[in-house]
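Shown below, as structure tokens, is a lone chain in the form predicted on its own; questions about how it binds or moves come after it.
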Amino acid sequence: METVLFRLRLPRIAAAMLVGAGLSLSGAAFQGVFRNPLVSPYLLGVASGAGFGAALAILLSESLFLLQFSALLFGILAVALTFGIGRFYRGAPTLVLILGGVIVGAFFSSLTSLIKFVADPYEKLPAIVFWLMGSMARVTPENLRAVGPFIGGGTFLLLLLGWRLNILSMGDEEAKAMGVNAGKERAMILTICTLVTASSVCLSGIIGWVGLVIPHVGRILVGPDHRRLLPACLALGSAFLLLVDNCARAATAMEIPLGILTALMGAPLFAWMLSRKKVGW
């Protein structure tokens, strides 16, 4: 009973709530910074980079620590490359960052496909595919203690920066008029979001739609003010992913990957919000 409770159930519950809250807050922050309702936390290539890092670790070793470290390292490296591309090109900084994220994401996605092509189809390939679809099955107290503080600390910092997100969501001209350095503020918030997202991905794999849909649900409930929106996203995201994880474990005899369930639930919900004209940043 102690093993089931303290080594299996409670770490998995804590991980689901942490990842759900982190992805939801990062999604709300990204949508506010880029002033775009279709932006998700994976915009700058962190998911593709972390996916390649995890696939490479699974191919080379069976160590869970190496998998998480590699996913975190390559996720941060992917976003660093995106920012590097943005510094080489002059023009609209927001647009260049988005295009840089598309370039880096496509590059690391192709490398992940190469890893899957050369992987052993009986052992390594199924493990890579299952991890890329997202799951809490690998969570242990040890890796939760290693990664959890990054997600928790990042979400706490984002909650403190709600008023800065309000200013950035009005545009660079308004931010400058209020004495705010939009470039530095944007870089700081995106760095925090990247750390939270990369840590979430290395803990649970790639789980889509949470960071895209939950911020819109939060805006419907509490409005666009980030000082209220971010706490709402924290509560909604953690509860939503915990519910989805319970369904993934209990719906069938074999555990369903979380990425499948979040897409099945998130896509119809997002389509309904579009039909009711409730989508905006």
Partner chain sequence: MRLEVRNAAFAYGHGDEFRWIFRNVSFSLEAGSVFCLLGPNGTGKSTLLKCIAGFLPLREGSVHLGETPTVHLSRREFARNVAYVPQHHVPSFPYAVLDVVLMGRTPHLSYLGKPGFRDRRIAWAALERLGISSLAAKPYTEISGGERQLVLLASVLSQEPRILLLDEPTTHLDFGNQIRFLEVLRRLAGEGMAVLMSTHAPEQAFLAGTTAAILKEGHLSPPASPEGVITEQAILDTYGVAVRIVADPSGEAKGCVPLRSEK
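Remember, predicted model here, so these are calculated numbers, not experimental data. Residue numbers count along the first chain shown, from 1.
Beyond the structure shown, there is the form predicted in complex with the partner chain, which is absent from this document and is the topic of what follows.
- Contact annotation: the partner chain lies within 4.5 Å of heavy atoms from the stretch 25-33 in the predicted bound form, the single such stretch among 50-58, 25-33, 66-74, 235-243.
- Among residues of the shown chain, residue 170 is one whose heavy atoms approach the partner chain to within 4.5 Å in the predicted bound form.
- Remark: residue 180 counts among the residues lining the partner chain in the predicted bound form, judged by a heavy atom distance of 4.5 Å or less.
- Among residues of the shown chain, residue 227 is one whose heavy atoms approach the partner chain to within 4.5 Å in the predicted bound form.
- Heavy atoms of residue 137 never reach within 4.5 Å of the partner chain in the predicted bound form, leaving it off the interface.
- Think of it this way: in the predicted bound form, the partner chain has a heavy atom of just one of 144, 99, 127, 161 within 4.5 Å, and the residue is 161.
- For the candidate set 95, 118, 188, 106, a heavy atom within 4.5 Å of the partner chain in the predicted bound form is found for exactly one residue, namely 188.
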